[in-house]
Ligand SMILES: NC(=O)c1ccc[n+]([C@@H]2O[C@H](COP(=O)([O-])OP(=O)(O)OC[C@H]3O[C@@H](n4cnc5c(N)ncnc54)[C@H](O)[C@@H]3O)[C@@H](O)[C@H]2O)c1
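Listed next as structure tokens is one chain, alone, in the form predicted alone.
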């Protein structure tokens, strides 16, 4: 997909990867970029910075009626949606001790929100015979997020859903990509490092921490090639291959890294 003259919607667009995508899509010539976020004021600030092609919207991605309303409003404003980026996500920094409410929120934001947006946007895309779904799934969806059980489980589910969509709808003109970055310089990672959370330290020790703009670069390249897996950190592919070929060895290596960081 080339972004020129396209209409794109980005959830979780008020910061981090979402904001970087909004700026980059506009720079690539998008006709319209809808910046949606739970923090409506922050979404408006990003949209103002992006420029006249951007429109802001407050959105709770866990409420399907709000997602459907956003899609309907965007289609009324611009006629259709070319690209829907389900980018909102949430971490818990907890293991089995995570409260049921945290497990539920992780499920609703990291998985069900992708279901809600796809249900809402897919009919219009199928009617036109074309459309693109970009789901931010995280490298945790291919590997493991040490120290965060709900995040790991739900991101694996997000990758599985994206793959199912790609298999089911590609022959009907729908393209699907799963964006799986590792360490990205976002408030989520910064907070984890500031508090000394083990998972954040593992991420920082496992490879480069990329600026969100670098992730946006990878997204543009991945969309142009219509790749299912978009990996801003190329080493994630090697990690995933080793994990598939030798799961016991992969887990042993990860445990060794954890022991070293805890020492």
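Positions refer to the first chain, counted from 1. All values derive from a computational prediction rather than experimental measurement.
The same protein has a further form, the form predicted in complex with the named molecule, not shown here; the description that follows concerns it.
- By the 4.5 Å heavy atom rule, the three marked residues 38, 137 and 181 all count as contacting the named molecule in the predicted bound form.
- Although the partner is absent from this view, residue 50 stays clear of the named molecule in the predicted bound form, with no non-hydrogen atom inside 4.5 angstroms.
- Contact check for residue 89: a non-hydrogen atom falls within 4.5 Å of the named molecule in the predicted bound form.
- Although the partner is absent here, residue 145 is not a contact residue: none of its heavy atoms lies within 4.5 angstroms of the named molecule in the predicted bound form.
- Residue contact with the named molecule in the predicted bound form: residue 176 places no heavy atom within 4.5 Å of it.
- In terms of contact with the named molecule in the predicted bound form, the residue from 223, 30, 59, 56 that brings a heavy atom within 4.5 Å is 59.
- 188 is the sole member of 166, 157, 94, 188 with a non-hydrogen atom lying within 4.5 angstroms of the named molecule in the predicted bound form.
- None of 167 to 175, 81 to 89, 126 to 134, 68 to 76 except one has non-hydrogen atoms within 4.5 angstroms of the named molecule in the predicted bound form; the exception is 81 to 89.
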